[in-house]
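Only one chain comes next, encoded as structure tokens, the form predicted on its own.
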């Protein structure tokens, strides 16, 4: 009789059995190569940490090109329902279908499961040469709102009937604002929803994370000086929540405030923040921001420590417990079936997953194994370009090296 069982959510938090069922999507392009290596490392890390008392029961579900080729749809309902039922899952990179239909499979999963927090930790692994003088100063965790902003996907195509109807409504209802559209007949339109509720649940999660992990600050990143009622609302609602729910007190005469345990809540205009992460990275620990800002900032930060090849990601609903962990890079079709792709983004996302499950010892072993392989200068070709004197090995051989460090 199988010992495998689903992870469940209780009033006390996640209940993770010793043999949890975890759905996974292999991914497109380089995804299969990455999955084969990463699965071996994850399973070995769990075994090294817990012996035969714990193991993951992997359950493949379909999405992307493989799903389309197999069942004729890019994102089967069964896949979304599997993630819904089993709470926690992991995925490789997916092809975004061209043309009509789903505009992004990743966005569809996030919105379908209401995974409102996109969590992107960014840290440096010693030995990697990067474009900045001292990448070790970068140690941030970005909480990016996942369901609102322009990623809500409310758009009207230039020249379409919908665009004409929208502009006619705007002209009749708000003629002064319609007058700001310089070329209405050739304009596409987008609507940017930002809600108080959506802001509060994201900022609440970021502050709670900062408290639980001993971080020093939470920075609200926004463009509220221009978009006063959306991004400006995000900033104001964030401060209000920190004061109302966490007892933050003002610092001086400005909006900055401090929690009773010393964590500082502050804000920064987004364009200035892109300077800040280069000039003063130590001044920022946890970042809470809107969807588009978070997209820019997380990729820019990843470049400072070695690129998105080592950048993990998670999409989480802390209230229901649902979480999908994912490699943050693209499918890299040029590397498909060549056994050359770097599995670190997927592995570090798995490390996040294990830590979220409470399997901290296994998570720590994955990080230590990656640190060890980089120190030995035995890495995949993309990392070898940034590590002087290193040896470029295949994806599978890199997996072997990581497993050796686990032992």
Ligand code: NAD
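Residue numbers count along the first chain shown, from 1. Keep in mind the model is a prediction, meaning the values are calculated, not measured.
Not on display, but discussed next: the form predicted in complex with the ligand.
Chemist: Examine residue 265 and determine whether its closest non-hydrogen atom to the ligand in the predicted complex is within 4.5 angstroms.
Modeler: Close contact is absent here: in the predicted complex, residue 265 is far from the ligand, nothing within 4.5 Å, heavy atoms only.
Chemist: Within a 4.5 Å heavy atom cut-off, is residue 330 in contact with the ligand in the predicted complex?
Modeler: So residue 330 counts as contacting the ligand.
Chemist: Does any heavy atom of residue 219 come within 4.5 Å of a heavy atom of the ligand in the predicted complex?
Modeler: No, residue 219 sits far enough from the ligand in the predicted complex that none of its heavy atoms falls within 4.5 Å.
Chemist: Would residue 73 sit within 4.5 Å of the ligand in the predicted complex, counting heavy atoms only?
Modeler: Because no heavy atom of residue 73 falls inside 4.5 Å of the ligand in the predicted complex, the answer is no.
Chemist: Can you pick out, from 57, 382, 43, 364, the residue that has a heavy atom within 4.5 Å of the ligand in the predicted complex?
Modeler: Filtering the options by heavy-atom distance leaves 382.
Chemist: Given that the ligand is left out here, which of 63, 373, 350, 34 has a heavy atom within 4.5 Å of it in the predicted complex?
Modeler: By the 4.5 Å criterion, the partner-contacting residue is 34.
Chemist: Are all three of 91, 94 and 342 close to the ligand in the predicted complex, meaning a heavy atom of each within 4.5 Å?
Modeler: Yes, the whole candidate spot contacts the ligand.
Chemist: Please determine, with the chain shown alone, which of 322 to 330, 238 to 246, 221 to 229, 190 to 198 has non-hydrogen atoms within 4.5 Å of the ligand in the predicted complex.
Modeler: Residues of 322 to 330 come within 4.5 Å of the partner.
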